[in-house]
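Before any questions on binding or motion, here is one chain by itself as structure tokens, the form predicted alone.
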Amino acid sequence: MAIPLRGRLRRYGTSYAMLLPFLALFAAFLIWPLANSLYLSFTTFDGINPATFTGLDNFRRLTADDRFLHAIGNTSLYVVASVLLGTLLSLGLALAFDGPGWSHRIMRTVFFLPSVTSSIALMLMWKWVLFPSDVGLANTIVSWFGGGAVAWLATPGLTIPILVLMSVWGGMGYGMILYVAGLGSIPREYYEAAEIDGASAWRRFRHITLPLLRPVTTYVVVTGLIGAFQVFEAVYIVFRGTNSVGGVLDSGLMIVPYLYDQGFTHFKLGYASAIAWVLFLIIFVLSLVNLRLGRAMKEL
């Protein structure tokens, strides 16, 4: 039987009252900025003069903006490579260091450390590693083998591979921990029964481990997609040049750095809001497709 409103308030009034501070902060710092950003995406706004409503003009301009299309291409390549390699290496590390011994615990800690370290500090470290002279660690190692100094940050063909390397190195420890937790939830009886039936290690991995790790894989891939599409620090700190936020010939230009460039360098806040909402729609659709695929494979 439904409880009358007065009865619900008497019964749950204290709980509702305790939720009010959270709801106020949620509305002030999430709902309102989102709604305001959506409104600005239909305007021209420079942060000083009043916004002027222009309808879909910002979104039409995006379809003809060569730098934005270039950023979309770079980001797509970066996302595919970093998520694929990151997921595979995370699973490999989890399988290698899944044991309860101290050596495995130490190795898990070593690989997980970059995930809990400040991303700014990590990017500054990478900038020192790739410094384009003999001072940089990478060129020092190259010189040990008789090679000359390499302009790591000024070679357009190396930009995306370096960004992928930084992303995979910094994120695979986090994925490894999730996979280790997933491996621990698989009942040992499944493997014992498969061994009695004569299943090889590969068949046990393919028919037991992989299917039962599917929820973890879906989570790792979806969060990896979201994080990779929002890459910013690596481009801004390591590759930003004096004239372009995307490095040499915009070889490292991604969507979020371009959004920042338009919004806070050129003060085109309406245009930057339109870029933000296009990015939101891309991430939303890809995450939805991934979740649907994961659910469909589970039902096979």
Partner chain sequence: MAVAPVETITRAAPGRGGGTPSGRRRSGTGGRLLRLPFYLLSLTMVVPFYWLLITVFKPPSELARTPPSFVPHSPTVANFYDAQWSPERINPGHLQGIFQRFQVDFGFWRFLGNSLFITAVTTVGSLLICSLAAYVLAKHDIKGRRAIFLMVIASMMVPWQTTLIPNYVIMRNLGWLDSYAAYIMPALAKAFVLFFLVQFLQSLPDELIQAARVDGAGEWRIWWQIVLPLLRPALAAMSIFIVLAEWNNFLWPLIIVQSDEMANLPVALARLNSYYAGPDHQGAIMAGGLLASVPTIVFFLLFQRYFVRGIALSGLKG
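Each form is matched to the other, and the largest set of C-alpha atoms that superpose within 1.5 Å is called the rigid core. Residue numbers count along the first chain shown, from 1. What you are looking at is a predicted structure, and each value in this text was computed from that prediction instead of being measured.
The form predicted in complex with its partner chain is left out here; the points below concern that form.
**Q** Given that its partner chain is not shown alongside this chain, does Asn36 nevertheless sit within 4.5 Å of it in the model of the complex, heavy atom to heavy atom?
**A** Yes, contact at 4.5 Å.
**Q** Test of understanding: in the model of the complex, would Arg240 fall inside 4.5 Å of its partner chain by heavy atoms?
**A** Looking in the model of the complex, residue contacts with its partner chain include Arg240, since a heavy atom lies within 4.5 Å.
**Q** Report whether the minimum heavy atom distance between Arg105 and its partner chain in the model of the complex is within 4.5 Å.
**A** Yes.
**Q** Answer yes if any heavy atom of Phe145 is within 4.5 Å of a heavy atom of its partner chain in the model of the complex; otherwise answer no.
**A** Close contact is absent here: in the model of the complex, Phe145 is far from its partner chain, nothing within 4.5 Å, heavy atoms only.
**Q** I have Ala121, Leu137 and Arg188 flagged as a candidate spot, so tell me whether each of them has a non-hydrogen atom within 4.5 Å of its partner chain in the model of the complex.
**A** Yes, because Ala121, Leu137 and Arg188 each have a heavy atom that approaches its partner chain to within 4.5 Å in the model of the complex.
**Q** Across 256-285, which residues bring a heavy atom to within 4.5 Å of its partner chain in the model of the complex?
**A** The stretch touches the partner through Val256, Leu259, Tyr260, Phe264, Phe267, Leu269, Ala272, Ser273, Ala276, Trp277, Leu279, Phe280, Ile283, Phe284.
**Q** Determine, after fitting the two forms on their core, whether Val278 shows a C-alpha shift of 2 Å or more between this form and the one not shown.
**A** It does not, since the Val278 C-alpha is displaced less than 2 Å between this form and the one not shown after the core fit.
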